[in-house]
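So this first bit is one chain, no partners, the form predicted alone, shown in structure tokens.
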């Protein structure tokens, strides 16, 4: 039995791959296994190559993804061609015998660059002609890959005969073949599998019945023929309940718990999923009792979205928007208006590959500096970045607290990797959740109100409709909010706004803003942010087993950066043993650290392919720097 199993399933976008993840992830999680699954897909609706990369761990924790995979399930020929080298020695390959004669040159949806690289690799490996069966033969011969060749057509024929389906209808159950094979090889408990099926198809009894029957037949056949070769050890005991959710999902859940009452958005990948989920909870009910409602508004563009959020925040509603790079670009002018007027709004910003449209369905950590400096002029803003699903949940709540407490915009940064990854997430500690409305006043004395008193950076904030009369303008203003371009007033008001940042830096605990993982006497320090945390925590475990005592410094808040704590940690390490790990070209977080602390980074591990940082390549990158003295390692693994 195994402690972990890594699964890779691929096929055409829209062919049911996501169903595979939606069934398997809750099934394994219900047995106590830790699950982490990532979806990689092209920016088209249907047809281009897509795949799901899943790690199931008996540790009970969602562990980071790595290669090679133990199992490759191919819905089509393109998957075999593309991922032929992503599986390890002795791994399992399931493919459709009907695709055996397919040639690489026939795969119209494949990008020319990849096809050229594959041709070169196949020639070097002696795989000619470039057919699926030749690739399969090579894997069997050279890598001892165990091949499960199934006739999808024959399986569909049985399905057609048994359930009276048309051929087109039968082919919609393609993902069930992969699910069945995985269930058989891992000897997945059938009740758990049924839970996953119920969760996915519970509202469609007929579809549920066919899936249940089809998957069971494939699972039985595969287990009988090949045995439960990928069977996992029983999951380690763990306490409490878990939820299976994506990063988008947990942020939406956090917003509901945090008291969101207004969210506006314009659809954009990968942010939209969050707002779509929120729409399901517009009417808040517990045990049938209504708790209120959330207004979710899809606006005509991002300018309208963020502007309406400002209006909602001024009325006292907890208000937010969710967007990605191009959408945030359109929000920048309004961001400045909010910053100038002490508006406590939240922007949840999902980073994807830029510039411009760039890689719209791929991930990145390249918008940090843009978030920090976006807009004209200077004004304070809080930038919070989550490292995993549980952090994302808490941060979604804390973003509202910070915005209202310090009366400034909060940008909650996530990367697409975290947004789209599905994980088994422990239930949060409800006792740790607090709601802080700051100095928000819902009832105030009637009449003109000094909303911006010179001697109070954090003044009482009467909301619109509270009775107080307040003024807001884009121009510089006096204490009441009226336009005032007097140089002395300008000096005072400008400093007043920035003093809020000084207060935030003083009052937000540093142990919330940055966290150190590892031995205090570690010799190597990795410094990262966002979803880098996921592979970094296991990387330091593996490095320790290899004789490299490494630690990880996780930057959760980039503005205000906890510079005293960061400086203290950095001062304990030789500069040649401090490595910035980021999914961008510039090492953007390291530049902020340098700007705030003066520490100069010399070593970098960077990745900007649009694919996640994988555990195995991060470990190799650290070893390359530590043992070979390299200054910079560029990671590139992933299709």
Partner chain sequence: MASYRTEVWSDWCPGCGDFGILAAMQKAFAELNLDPAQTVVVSGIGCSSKTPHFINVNGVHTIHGRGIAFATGIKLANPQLKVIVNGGDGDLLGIGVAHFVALGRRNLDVTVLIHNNKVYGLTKGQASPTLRRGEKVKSLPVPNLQDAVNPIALAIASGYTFVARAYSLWVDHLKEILKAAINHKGSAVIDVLQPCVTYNDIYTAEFYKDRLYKLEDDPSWDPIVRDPSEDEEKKAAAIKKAEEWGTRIPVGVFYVNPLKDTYEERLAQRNPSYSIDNPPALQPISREDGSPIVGPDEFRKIFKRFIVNVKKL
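Positions refer to the first chain, counted from 1. No experiment lies behind these values; they were computed from the predicted model shown.
Just so you know, the form predicted together with its partner chain exists too; it's not on screen, but the next bit is about it.
Student: Exactly one of 521, 124, 241, 455 has a non-hydrogen atom within 4.5 Å of its partner chain in the predicted complex; which residue is it?
Tutor: Selected option: 241.
Student: With its partner chain left out of view, choose which of 553, 197, 148, 253 has a non-hydrogen atom within 4.5 angstroms of it in the predicted complex.
Tutor: So the residue touching its partner chain in the predicted complex, by this definition, is 253.
Student: Spell out, yes or no, whether the shortest heavy atom distance between residue 355 and its partner chain in the predicted complex is within 4.5 Å.
Tutor: Taking the distances in the predicted complex, the answer for residue 355 is no, it never comes within 4.5 Å of its partner chain.
Student: Would residue 465 count as touching its partner chain in the predicted complex under a 4.5 Å heavy atom rule?
Tutor: Residue 465 belongs to the contact set for its partner chain.
Student: Although the partner isn't part of this model, could you tell me whether residue 298 comes within 4.5 Å of its partner chain in the predicted complex, counting any heavy atom of the residue?
Tutor: Although its partner chain is absent here, residue 298 would touch it in the predicted complex, with heavy atoms inside 4.5 Å.
Student: May I ask you to check whether residue 393 falls inside a 4.5 Å heavy atom distance of its partner chain in the predicted complex?
Tutor: Yes, residue 393 lies within 4.5 Å of its partner chain in the predicted complex.
Student: For a quick test of understanding: in the predicted complex, does each of 18, 61 and 90 have a heavy atom within 4.5 Å of its partner chain?
Tutor: No: no residue has a heavy atom within 4.5 Å of the partner.
Student: Okay, which stretch from 426-434, 363-371, 321-329, 558-566 lines its partner chain in the predicted complex, with non-hydrogen atoms inside 4.5 Å?
Tutor: Every other range fails; the passing one is 426-434.
Student: Does anything in 56-70 come within 4.5 Å of its partner chain in the predicted complex by heavy atoms, and if so which residues, in order?
Tutor: The stretch 56-70, when checked against its partner chain in the predicted complex, contributes no residue at the 4.5 Å heavy-atom cut-off.
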